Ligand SMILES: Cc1cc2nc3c(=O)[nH]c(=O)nc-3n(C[C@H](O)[C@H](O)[C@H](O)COP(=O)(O)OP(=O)(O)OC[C@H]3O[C@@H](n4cnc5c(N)ncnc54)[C@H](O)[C@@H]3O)c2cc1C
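Here we start with a single chain on its own, the form predicted on its own, put down as structure tokens.
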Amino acid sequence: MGTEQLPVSGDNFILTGDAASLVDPFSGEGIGNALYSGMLAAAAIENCIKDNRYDAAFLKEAYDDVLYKRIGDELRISTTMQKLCRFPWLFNFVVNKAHKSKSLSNTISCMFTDMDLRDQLRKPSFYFKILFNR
């Protein structure tokens, strides 16, 4: 998944978990997103039954929009991190610096669970700080 939001529902259907491509592209984890999407799908289906509407527009609002509001940023950040790994010299530079700096090592470790911190990897200033030990 890139920065675009892929549709995960349409006329008379809802996709969840792996079928909706909700596996984190950086960590490879997917069970949390699968469970969360299943919970949101159940709520959306309840709304479909209540309103007797199963069309794509209704499902987009009841499911897609709600899902991406919750996990869209996380997936975008992870996609960016995955793309950064295409530059081995940058990856090696950061890892070598982290090996020498306990503080940087802890920061990177926390990035796996803290989305705000992980977002720093998308900013050139993060690498500038590493380069000049700030």
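Keep in mind that this is a model prediction, so the values were computed, not measured. Heads up: residue numbers just count along the shown sequence, starting at 1.
There is also a form predicted together with the named molecule; it is not shown, and the following applies to it.
In the predicted complex, the one of 108, 66, 34, 48 near the named molecule [non-hydrogen atom within 4.5 angstroms]: Answer to the contact question: 34.
Among 24 to 32, 70 to 78, 94 to 102, 52 to 60, the region lying within 4.5 Å of the named molecule in the predicted complex by heavy atom distance: It is 24 to 32 that comes within 4.5 Å of the partner.
Proximity of residue 17 to the named molecule in the predicted complex, heavy atoms at 4.5 Å: Within the cut-off, so yes.
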